[in-house]
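Read the single chain below, which is given as structure tokens and is the form predicted alone.
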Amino acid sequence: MGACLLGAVGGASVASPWLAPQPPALVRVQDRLLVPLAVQDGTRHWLGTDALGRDVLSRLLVGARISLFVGLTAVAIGGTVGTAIGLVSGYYGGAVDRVMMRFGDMQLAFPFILLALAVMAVLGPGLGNIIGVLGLTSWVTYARVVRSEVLSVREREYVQSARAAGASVARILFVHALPNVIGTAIVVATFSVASTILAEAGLSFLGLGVGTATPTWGSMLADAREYMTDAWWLTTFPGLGILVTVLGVNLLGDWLRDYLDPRLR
């Protein structure tokens, strides 16, 4: 079910250049606030138009592409950095472990939304900036989960045998330790996609996301605040897009957790 929902959203986002009835940035003030299914000048607006006459369906499809791209890219960055730090921290232990984990504790002690707001306020809105912020502030979760797994893996017989045979640290980490912790990291990453999409929508809602020139679900909600009572469709459809995407990711994460953990089968 989760894969179907996520596949439908992903497929619609990829096909958005062909599915969108109008360019998402096309302004037609004379067509402002048309209700869903309205026809104007021979064009049917399936989900209505916004306060500037822009087609809501077109903007919703492009927003799906941006949200999924930000979510997947930021999770890939955070997951890679966090997994690498967790492997090193768990394997070496001692002072290396304490320094890395205390640095992670300091980041966790600082509220994420305040950190993201501060960084985005300094760097300014932009696709690369928001991906960097969301990716580099999410490594702690992966690092702590992977570290706890490696602490157990490093004491097992096959790791001890590899160490006694003279295997390098890199070989032990990537050949023996990583395959045993990658399943847990994948599950964490799957759930993180949902939280990253929500974080991007929140920052875009506050005006510190991708930028006003690019339609995102969060910016669509922000633009619709003043018309909630008069144009219900402006908030309903972007909200449903976020709900369906996050629900699909969470259901997929539940399935992966059960599939990758034999104890839960």
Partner chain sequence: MAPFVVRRFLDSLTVLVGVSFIAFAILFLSGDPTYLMIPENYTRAQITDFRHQMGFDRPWYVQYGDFLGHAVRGDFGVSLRNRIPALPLVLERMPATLELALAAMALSLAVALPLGVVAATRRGTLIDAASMVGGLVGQSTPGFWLGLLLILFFGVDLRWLPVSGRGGIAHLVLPGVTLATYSMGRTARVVRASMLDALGHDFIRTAHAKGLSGAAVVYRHALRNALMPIVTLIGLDFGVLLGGAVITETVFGWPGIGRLVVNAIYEKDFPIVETAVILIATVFVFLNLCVDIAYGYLDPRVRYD
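From a predicted model like this one, the values you see are computed outputs, not experimental measurements. Positions refer to the first chain, counted from 1.
What comes next is about the form predicted together with its partner chain, which is not displayed.
Practice prompt. Tell me, out of 151, 108, 169, 76, which residue has a non-hydrogen atom within 4.5 angstroms of its partner chain in the predicted bound form.
Written response: Comparing distances to its partner chain in the predicted bound form, the residue within 4.5 Å is 108.
Worksheet item: Of these, 160-168, 108-116, 180-188, 68-76, which stretch puts a heavy atom within 4.5 angstroms of its partner chain in the predicted bound form?
Response: One stretch meets the cut-off, namely 108-116.
Worksheet item: residue 60: heavy atom within 4.5 Å of its partner chain in the predicted bound form?
Response: No, residue 60 is distant from the partner.
Worksheet entry | residue 228, heavy atom within 4.5 angstroms of its partner chain in the predicted bound form | Result yes; residue 228 sits at the interface with its partner chain in the predicted bound form.
Discussion item. Under a 4.5 Å heavy atom criterion, is residue 9 part of the interface with its partner chain in the predicted bound form?
Written reply: No - in the predicted bound form, heavy atoms of residue 9 and its partner chain never come within 4.5 Å of each other.
Fill in: Proximity of residue 251 to its partner chain in the predicted bound form, heavy atoms at 4.5 Å
Although its partner chain is absent here, residue 251 would touch it in the predicted bound form, with heavy atoms inside 4.5 Å.
Practice prompt. Decide if the three candidate residues 198, 201 and 257 all line its partner chain in the predicted bound form, where lining means a heavy atom within 4.5 Å.
Written response: The answer is yes: all three residues contact the partner (heavy atom, 4.5 Å cut-off).
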